[in-house]
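Just the one chain here, laid out as structure tokens, in the form predicted on its own.
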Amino acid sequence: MTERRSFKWPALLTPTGRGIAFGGDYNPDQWPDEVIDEDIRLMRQAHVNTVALAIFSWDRIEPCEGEFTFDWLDMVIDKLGAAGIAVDLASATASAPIWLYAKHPEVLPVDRYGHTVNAGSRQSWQPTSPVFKEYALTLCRKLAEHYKDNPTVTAWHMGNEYGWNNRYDYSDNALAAFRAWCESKYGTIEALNEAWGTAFWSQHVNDFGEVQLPRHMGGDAMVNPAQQLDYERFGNDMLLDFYKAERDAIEEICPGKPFTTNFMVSTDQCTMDYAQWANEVDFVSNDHYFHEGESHLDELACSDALMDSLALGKPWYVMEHSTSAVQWKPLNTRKRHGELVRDSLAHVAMGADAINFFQWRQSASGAEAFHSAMVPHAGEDSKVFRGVCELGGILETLSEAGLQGTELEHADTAILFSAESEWATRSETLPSMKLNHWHDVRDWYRGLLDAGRRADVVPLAYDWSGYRTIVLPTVIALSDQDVRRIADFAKRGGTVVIGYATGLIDERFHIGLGGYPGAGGGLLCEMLGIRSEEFNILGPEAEDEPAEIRLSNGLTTRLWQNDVTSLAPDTHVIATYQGPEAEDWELDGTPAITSHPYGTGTAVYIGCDLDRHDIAKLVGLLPAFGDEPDGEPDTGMAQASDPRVLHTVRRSTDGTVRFDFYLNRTTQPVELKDVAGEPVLAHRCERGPEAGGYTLARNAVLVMRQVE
């Protein structure tokens, strides 16, 4: 495993250098110079203490090839520094200037159909282009040389959302790099042929010079899934290499200041294998945009739970989120009253020590002109800007109370996430193309919240040995090493919950033989004490067929049922398929959910899909999620709490101070009793008549402080 860079947090320009960072992307090059003084006046009014600068400013910094001008940027940075506002300075390479594309059209990416991706948007460049890299690293070095001693620049922001537009490149440069990547990984062409299963469909290659990219193959042709999975890994690695090249070019000239790049983690996307990327930044950052609808807060918390794990429990940075609506979704809903503050504080409740928006001033033109901002089109006399000012004051209050630097207390249950399994579930060669690993993680996360319990979301590759229970929802790809780790966890007394589509393939996309789930050479089946022979797939496409099957404990499955035909003698059946629909599919009485002792632990098998509500019901039935046998609640918030409230705890590193966050998950008021501690913040809350009593309105946040 790659050695991780040491955690390093960017300083503010406060007297102590500490405090919760608050601000956003600042793009003064979109505006006349006279707007800058007005911006800084409003920033001070809003308690802004940091901005990300020059993210898309390459053409302003280098308007013509080799002609670098920093006067305008110096002026902006000087004004910000004088106002006490720190700068997270970008490498400015996310989008190249038009003159570069005009001179070197060969740097443009190519899509899977062989079409050149034209310039004019973001990231219209090949990560493997030596020409583009030369220009980009020259810019990085010029910036580093000019600003290495500038005290206002306290952090470096590399690129921007790597992979947003060039995650998949099928150019000749990419082909050459992919062949080299494959040779480095496999060593021999025989090993590649074995890994890719090239005996199928006459795909054998004689040397690495015959290796192809998974380009469009016509009609409904299916890509070799092992080849596609390696291409996903390759794309991740090429962009990570590009990031490291930029970082290293700047760090060689300007050592000592922390480096980051903004990840894109929400449960609608997880573009890269951020478990790898997190090793290469000094502090972890994320761009998160809310999911419209009733899952709004839960989805945010689930994404943040993964971010906290990527940060190894250290504070992390919200680099972008929105004050209200965006403009790039099919449905661009605005935020209701209180949600601007509530969403920001939810990130803080989940471990963030920096709250930033895209962007400071809403653009008057361009592709994101209708994307909300801190200063909207309506100006400072607006609900949005008043909400921004309110939030800035709240974050200062939390900083003064000592919140900054405290760390999120872990739950006792870890839901395991794997970027490779997420990529694999997108394959069009699976029994169902409706699988989605990340969405199943989200459903389990929400189901646990509905049952009054909170879970962490932890990368499969990380250390999760300290948890009491691990859940693997649709972790479809498990290597032999992964399965051994899971089995060892159960042997030592842990509880393992295996989902219906977990462990069907290994890391090469090879099927484990002998029955499902076959990963680990049969070890997974042995641990679970079951064997399934076939999948039963439901869907509305099958007219006049049952659309769902009931279970004997009242739950319902609607997509996928495993036909479990073998049980170990000591396997306990928790639920079976039952009823006329199950009988119609010849599943009546077949085990659907089982439990099996393994070592000193337990392995639970969920042999069918369940929605979030049924997951919550199941959690209440499984001993794996109960309190300790002596009746006392376990530490790590194992005990069930009010499911209407998201409750998290942040503690000082010495354990003497704790901050309890309570967020209303519902649209109705929620009453809390016997809340311990002194209130630091009661946003949209009212005190009850009894001590420790509060009523939380919709979008409410209550923060209590205790010294222990």
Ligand code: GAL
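The model shown is predicted, which means the values in this text are computed figures rather than measured ones. Numbers follow the displayed sequence, beginning with 1.
As for the form predicted together with the ligand, it is not shown, yet the points below apply to it.
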| property | result |
| --- | --- |
| Contact residue in the predicted complex, from Thr260, Thr425, Ser171, Asn160 (heavy atom within 4.5 Å of the ligand) | Asn160 |
| Selected contact from Glu526, Glu251, Asp412, Glu320, since only one has a non-hydrogen atom within 4.5 angstroms of the ligand in the predicted complex | Glu320 |
| Full three-residue contact with the ligand in the predicted complex, heavy atom 4.5 Å, for Trp196, Phe234 and Arg508 | no |
| Trp181: touches the ligand in the predicted complex, heavy atom cutoff 4.5 angstroms | no |
| is_contact(Tyr289, the ligand) in the predicted complex, heavy atom dist at most 4.5 Å | yes |
| The ligand contact at Phe358 in the predicted complex, heavy atom, 4.5 Å | yes |
| Arg112 within 4.5 Å of the ligand in the predicted complex, heavy atoms | no |
| Stretch in contact in the predicted complex with the ligand, which is absent here, among 582-590, 540-548, 368-376, 446-454 (heavy atoms within 4.5 Å) | 368-376 |
| In the predicted complex, residues of 27-60 near the ligand [heavy atom within 4.5 Å] | Phe56 |
